[in-house]
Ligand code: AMP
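A single chain comes next, written as C-alpha coordinates; it is the form predicted alone.
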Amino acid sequence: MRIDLHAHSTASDGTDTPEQLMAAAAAAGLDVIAITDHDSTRGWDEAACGLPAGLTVVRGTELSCAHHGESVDGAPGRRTSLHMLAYLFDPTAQAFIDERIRLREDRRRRGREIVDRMIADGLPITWERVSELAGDGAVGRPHMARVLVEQGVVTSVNEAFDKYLRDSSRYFVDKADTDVFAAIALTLAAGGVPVFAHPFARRRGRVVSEAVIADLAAAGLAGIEVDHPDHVPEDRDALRAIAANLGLIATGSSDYHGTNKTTPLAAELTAPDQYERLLGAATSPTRPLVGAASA
(Lines give C-alpha, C1' and ligand atoms only; values in the text may rest on other atoms or scores of the structure.)
Protein backbone atom coordinates (compact mmCIF):
# COMPACT_ATOMS: atom_id res chain seq x y z
CA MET A 1 0.00 0.00 0.00
CA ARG A 2 1.49 3.34 -1.11
CA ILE A 3 0.49 6.29 1.08
CA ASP A 4 1.52 9.96 0.71
CA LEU A 5 0.07 12.14 3.49
CA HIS A 6 1.15 15.67 2.51
CA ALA A 7 0.32 17.37 -0.81
CA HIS A 8 -0.81 20.80 -1.97
CA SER A 9 -3.15 22.01 -4.70
CA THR A 10 -4.12 25.38 -6.17
CA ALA A 11 -6.25 25.87 -3.05
CA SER A 12 -2.95 27.09 -1.58
CA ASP A 13 0.47 27.13 -3.23
CA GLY A 14 0.44 24.05 -5.45
CA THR A 15 0.08 24.18 -9.22
CA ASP A 16 -2.32 21.22 -9.68
CA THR A 17 -6.01 21.77 -9.15
CA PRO A 18 -7.45 19.41 -6.53
CA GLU A 19 -8.88 17.23 -9.30
CA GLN A 20 -5.54 17.20 -11.13
CA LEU A 21 -3.81 16.33 -7.85
CA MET A 22 -6.01 13.27 -7.46
CA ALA A 23 -5.29 12.19 -11.04
CA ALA A 24 -1.56 12.70 -10.50
CA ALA A 25 -1.71 10.62 -7.32
CA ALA A 26 -3.35 7.75 -9.17
CA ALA A 27 -0.81 8.04 -11.99
CA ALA A 28 2.01 7.89 -9.41
CA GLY A 29 0.66 4.57 -8.18
CA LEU A 30 -0.59 5.86 -4.85
CA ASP A 31 -3.36 4.12 -2.95
CA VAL A 32 -3.82 7.00 -0.48
CA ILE A 33 -3.20 10.74 -0.90
CA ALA A 34 -3.79 13.53 1.62
CA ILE A 35 -4.75 17.01 0.46
CA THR A 36 -3.24 19.41 2.98
CA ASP A 37 -3.41 22.95 1.63
CA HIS A 38 -2.16 25.79 3.78
CA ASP A 39 -4.80 27.08 6.20
CA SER A 40 -7.60 25.97 3.89
CA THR A 41 -10.14 23.24 3.15
CA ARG A 42 -11.24 24.83 -0.13
CA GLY A 43 -9.89 21.97 -2.23
CA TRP A 44 -11.74 19.23 -0.38
CA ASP A 45 -14.94 19.18 -2.43
CA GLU A 46 -13.23 19.25 -5.82
CA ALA A 47 -10.81 16.52 -4.75
CA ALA A 48 -13.73 14.34 -3.71
CA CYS A 49 -15.57 14.94 -6.98
CA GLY A 50 -12.55 14.07 -9.12
CA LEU A 51 -11.47 10.98 -7.21
CA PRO A 52 -10.15 8.17 -9.45
CA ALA A 53 -11.48 4.68 -8.82
CA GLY A 54 -9.75 2.98 -5.90
CA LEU A 55 -7.84 6.06 -4.74
CA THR A 56 -8.40 7.14 -1.14
CA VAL A 57 -8.18 10.82 -0.19
CA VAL A 58 -7.48 11.91 3.37
CA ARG A 59 -8.70 15.46 3.91
CA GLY A 60 -6.59 17.84 5.96
CA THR A 61 -4.82 21.18 6.12
CA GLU A 62 -1.39 22.56 7.02
CA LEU A 63 -1.34 25.30 9.64
CA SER A 64 1.33 27.99 9.96
CA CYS A 65 2.41 27.88 13.61
CA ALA A 66 4.97 29.27 16.01
CA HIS A 67 6.61 28.01 19.17
CA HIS A 68 7.74 30.63 21.66
CA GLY A 69 10.56 29.49 23.89
CA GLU A 70 13.57 27.20 23.65
CA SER A 71 14.95 26.40 20.20
CA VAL A 72 17.35 23.64 19.23
CA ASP A 73 20.36 25.82 20.08
CA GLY A 74 19.08 26.27 23.64
CA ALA A 75 18.49 30.03 23.36
CA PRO A 76 15.60 31.08 25.61
CA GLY A 77 12.58 33.08 24.52
CA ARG A 78 13.03 32.62 20.80
CA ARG A 79 10.26 32.29 18.25
CA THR A 80 10.48 29.25 15.99
CA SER A 81 8.22 28.86 12.96
CA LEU A 82 6.81 25.41 12.31
CA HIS A 83 3.93 23.74 10.49
CA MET A 84 1.22 21.49 11.83
CA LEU A 85 -0.71 19.04 9.66
CA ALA A 86 -4.31 18.51 10.79
CA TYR A 87 -6.11 15.47 9.39
CA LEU A 88 -9.73 14.34 9.32
CA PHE A 89 -11.12 17.17 11.44
CA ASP A 90 -14.69 18.45 11.31
CA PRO A 91 -14.61 21.35 8.80
CA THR A 92 -17.64 22.96 10.48
CA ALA A 93 -15.87 23.50 13.83
CA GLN A 94 -16.28 27.28 14.13
CA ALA A 95 -13.20 28.11 16.19
CA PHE A 96 -11.04 26.26 13.67
CA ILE A 97 -12.77 28.01 10.76
CA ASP A 98 -12.14 31.42 12.34
CA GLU A 99 -8.43 30.68 12.84
CA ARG A 100 -7.95 29.51 9.26
CA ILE A 101 -9.69 32.64 7.97
CA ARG A 102 -7.38 34.80 10.11
CA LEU A 103 -4.31 33.04 8.74
CA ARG A 104 -5.45 33.29 5.10
CA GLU A 105 -6.26 36.99 5.44
CA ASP A 106 -2.85 37.68 6.92
CA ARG A 107 -1.18 35.70 4.13
CA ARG A 108 -2.81 38.14 1.69
CA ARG A 109 -1.65 41.15 3.73
CA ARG A 110 1.86 39.75 3.88
CA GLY A 111 1.91 38.92 0.17
CA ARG A 112 0.88 42.44 -0.75
CA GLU A 113 3.66 43.90 1.40
CA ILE A 114 6.29 41.64 -0.20
CA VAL A 115 5.11 42.60 -3.68
CA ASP A 116 5.13 46.31 -2.80
CA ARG A 117 8.72 46.03 -1.61
CA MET A 118 9.72 44.32 -4.84
CA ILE A 119 7.96 46.94 -6.95
CA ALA A 120 9.76 49.68 -5.02
CA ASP A 121 13.05 48.08 -6.07
CA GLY A 122 12.00 47.94 -9.72
CA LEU A 123 11.22 44.24 -10.02
CA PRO A 124 8.61 43.48 -12.72
CA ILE A 125 5.89 42.02 -10.51
CA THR A 126 2.30 43.11 -9.85
CA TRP A 127 -0.14 42.30 -7.08
CA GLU A 128 -2.81 41.73 -9.72
CA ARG A 129 -0.86 38.86 -11.29
CA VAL A 130 0.01 37.32 -7.92
CA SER A 131 -3.67 37.48 -6.94
CA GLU A 132 -4.67 35.93 -10.25
CA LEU A 133 -2.34 32.99 -9.67
CA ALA A 134 -3.54 32.52 -6.09
CA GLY A 135 -7.21 32.72 -7.05
CA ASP A 136 -9.42 31.89 -4.07
CA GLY A 137 -6.62 30.00 -2.37
CA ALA A 138 -4.15 31.09 0.27
CA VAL A 139 -1.49 33.47 -1.08
CA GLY A 140 2.06 32.16 -0.74
CA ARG A 141 5.55 33.06 -1.81
CA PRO A 142 5.49 30.44 -4.62
CA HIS A 143 2.91 32.61 -6.39
CA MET A 144 5.37 35.52 -6.38
CA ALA A 145 8.15 33.20 -7.49
CA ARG A 146 6.08 32.12 -10.49
CA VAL A 147 5.58 35.75 -11.54
CA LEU A 148 9.33 36.33 -11.36
CA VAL A 149 9.82 33.27 -13.58
CA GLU A 150 7.17 34.53 -16.04
CA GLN A 151 8.93 37.90 -16.24
CA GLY A 152 12.32 36.31 -16.90
CA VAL A 153 13.85 37.62 -13.68
CA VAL A 154 14.78 34.05 -12.72
CA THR A 155 14.62 30.70 -14.48
CA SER A 156 12.94 28.66 -11.72
CA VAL A 157 10.90 28.89 -8.55
CA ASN A 158 13.90 27.61 -6.60
CA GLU A 159 16.07 30.40 -7.99
CA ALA A 160 13.39 32.94 -7.06
CA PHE A 161 13.48 31.73 -3.47
CA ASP A 162 17.26 31.68 -3.36
CA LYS A 163 17.58 35.23 -4.67
CA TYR A 164 14.45 37.05 -3.51
CA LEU A 165 12.10 35.09 -1.28
CA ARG A 166 14.10 33.21 1.36
CA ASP A 167 13.59 34.19 5.00
CA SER A 168 16.84 36.17 5.05
CA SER A 169 15.88 38.23 1.98
CA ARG A 170 15.33 41.99 2.14
CA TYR A 171 11.81 41.29 0.91
CA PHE A 172 10.87 38.86 3.69
CA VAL A 173 7.82 39.82 5.76
CA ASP A 174 6.64 37.98 8.86
CA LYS A 175 3.16 36.49 8.80
CA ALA A 176 0.64 35.74 11.51
CA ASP A 177 0.99 32.25 12.92
CA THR A 178 -1.02 30.15 15.34
CA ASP A 179 0.63 29.26 18.63
CA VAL A 180 1.49 25.60 18.14
CA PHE A 181 -0.22 24.50 21.35
CA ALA A 182 -3.37 26.34 20.26
CA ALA A 183 -3.17 24.59 16.87
CA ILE A 184 -3.07 21.20 18.57
CA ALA A 185 -6.01 22.13 20.78
CA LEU A 186 -8.07 23.40 17.83
CA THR A 187 -7.39 20.23 15.85
CA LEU A 188 -8.29 17.94 18.73
CA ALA A 189 -11.44 19.92 19.55
CA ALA A 190 -12.53 19.42 15.92
CA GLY A 191 -11.95 15.67 16.20
CA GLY A 192 -8.84 15.75 14.03
CA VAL A 193 -5.33 14.33 14.23
CA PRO A 194 -2.40 16.78 14.67
CA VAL A 195 0.93 15.79 13.10
CA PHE A 196 4.09 17.93 13.23
CA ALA A 197 5.19 18.60 9.63
CA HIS A 198 8.91 18.29 8.70
CA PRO A 199 10.07 19.00 12.28
CA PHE A 200 13.81 18.78 11.50
CA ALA A 201 13.82 20.59 8.13
CA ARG A 202 16.92 22.56 9.11
CA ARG A 203 17.43 24.03 5.65
CA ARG A 204 14.26 26.08 6.24
CA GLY A 205 15.59 27.67 9.41
CA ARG A 206 15.68 27.07 13.16
CA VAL A 207 14.02 23.90 14.47
CA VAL A 208 12.76 22.93 17.91
CA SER A 209 14.38 20.38 20.20
CA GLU A 210 13.30 16.91 21.23
CA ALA A 211 12.19 18.41 24.57
CA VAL A 212 9.75 20.69 22.76
CA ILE A 213 8.39 17.75 20.75
CA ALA A 214 7.84 15.96 24.07
CA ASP A 215 5.91 19.00 25.34
CA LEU A 216 3.79 18.96 22.18
CA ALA A 217 3.11 15.25 22.65
CA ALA A 218 2.00 15.90 26.21
CA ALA A 219 -0.42 18.50 24.81
CA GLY A 220 -1.96 15.98 22.40
CA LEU A 221 0.32 15.88 19.36
CA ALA A 222 -0.45 12.57 17.64
CA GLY A 223 2.41 12.22 15.17
CA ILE A 224 5.51 13.58 13.49
CA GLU A 225 6.51 13.58 9.85
CA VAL A 226 9.68 11.48 9.80
CA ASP A 227 10.34 10.73 6.12
CA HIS A 228 10.31 14.06 4.30
CA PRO A 229 12.45 15.38 1.41
CA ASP A 230 13.97 18.06 3.68
CA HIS A 231 15.17 15.55 6.31
CA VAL A 232 18.70 14.15 6.12
CA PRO A 233 19.17 10.46 7.07
CA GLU A 234 20.55 11.24 10.52
CA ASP A 235 17.54 13.39 11.39
CA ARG A 236 15.15 10.73 10.11
CA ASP A 237 16.77 8.22 12.44
CA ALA A 238 16.50 10.66 15.34
CA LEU A 239 12.85 11.42 14.58
CA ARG A 240 12.00 7.74 14.29
CA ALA A 241 13.49 7.18 17.74
CA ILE A 242 11.59 10.18 19.13
CA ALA A 243 8.34 8.84 17.69
CA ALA A 244 8.97 5.44 19.27
CA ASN A 245 9.92 6.93 22.64
CA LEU A 246 6.85 9.20 22.77
CA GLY A 247 4.38 6.78 21.20
CA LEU A 248 3.80 9.08 18.22
CA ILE A 249 2.65 8.12 14.74
CA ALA A 250 5.56 8.30 12.27
CA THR A 251 4.43 9.51 8.84
CA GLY A 252 6.17 9.99 5.50
CA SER A 253 5.19 12.21 2.60
CA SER A 254 6.38 14.17 -0.40
CA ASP A 255 5.07 17.65 0.48
CA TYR A 256 4.18 17.87 -3.21
CA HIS A 257 3.54 21.33 -4.71
CA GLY A 258 3.32 20.51 -8.42
CA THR A 259 5.81 22.48 -10.51
CA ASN A 260 6.48 24.88 -7.63
CA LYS A 261 8.86 22.24 -6.24
CA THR A 262 10.93 19.52 -7.86
CA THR A 263 9.82 16.77 -5.45
CA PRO A 264 7.37 14.34 -7.10
CA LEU A 265 4.40 12.65 -5.51
CA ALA A 266 5.26 9.42 -3.65
CA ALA A 267 8.85 10.58 -3.10
CA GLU A 268 8.32 9.64 0.55
CA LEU A 269 5.65 7.30 1.92
CA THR A 270 3.84 6.41 5.15
CA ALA A 271 3.90 2.83 6.38
CA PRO A 272 0.44 1.17 6.32
CA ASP A 273 0.49 0.42 10.06
CA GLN A 274 1.17 4.09 10.83
CA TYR A 275 -1.65 5.13 8.52
CA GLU A 276 -4.02 2.82 10.41
CA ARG A 277 -2.95 4.45 13.66
CA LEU A 278 -3.73 7.87 12.22
CA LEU A 279 -7.20 6.75 11.14
CA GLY A 280 -7.83 5.32 14.58
CA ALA A 281 -6.90 8.61 16.26
CA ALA A 282 -9.59 10.67 14.47
CA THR A 283 -12.86 11.25 16.34
CA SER A 284 -14.72 13.53 13.90
CA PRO A 285 -17.27 12.39 11.30
CA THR A 286 -14.75 13.26 8.56
CA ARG A 287 -13.38 10.01 7.17
CA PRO A 288 -11.25 9.17 4.11
CA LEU A 289 -13.10 8.93 0.80
CA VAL A 290 -12.51 6.19 -1.75
CA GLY A 291 -13.07 6.66 -5.47
CA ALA A 292 -15.75 4.35 -6.81
CA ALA A 293 -15.44 2.37 -10.04
CA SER A 294 -17.65 3.48 -12.91
CA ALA A 295 -20.85 1.52 -13.41
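Just so it is clear, the structure is predicted and the values come from calculations on it, not from any experiment. Note that residue numbering begins at 1 and tracks the sequence as displayed.
As for the form predicted together with the ligand, it is not shown, yet the points below apply to it.
A heavy atom within 4.5 Å of the ligand in the predicted bound form is found for exactly one of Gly137, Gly140, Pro199, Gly223: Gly140. Comment: the ligand is not present in this chain, but in the predicted bound form one of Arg79, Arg102, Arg203, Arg109 has a heavy atom within 4.5 Å of it, namely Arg203. Within 4.5 Å of any heavy atom of the ligand in the predicted bound form lies no heavy atom of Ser40. Although the partner is absent here, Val157 sits close enough that one of its heavy atoms falls within 4.5 Å of the ligand in the predicted bound form.
In the predicted bound form, at least one heavy atom of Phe161 sits within 4.5 Å of the ligand. Of the heavy atoms in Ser254, none are within 4.5 Å of the ligand in the predicted bound form. Contact annotation for the candidate site: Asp13, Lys175 and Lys261 all lie close to the ligand in the predicted bound form (heavy atom within 4.5 Å). Here the chain stands alone, but in the predicted bound form its contact with the ligand, taken as any heavy atom within 4.5 Å, falls in 141-149 among 91-99, 141-149, 115-123, 207-215. Applying a 4.5 Å heavy atom cutoff to the ligand in the predicted bound form picks out no residue from 217-236.
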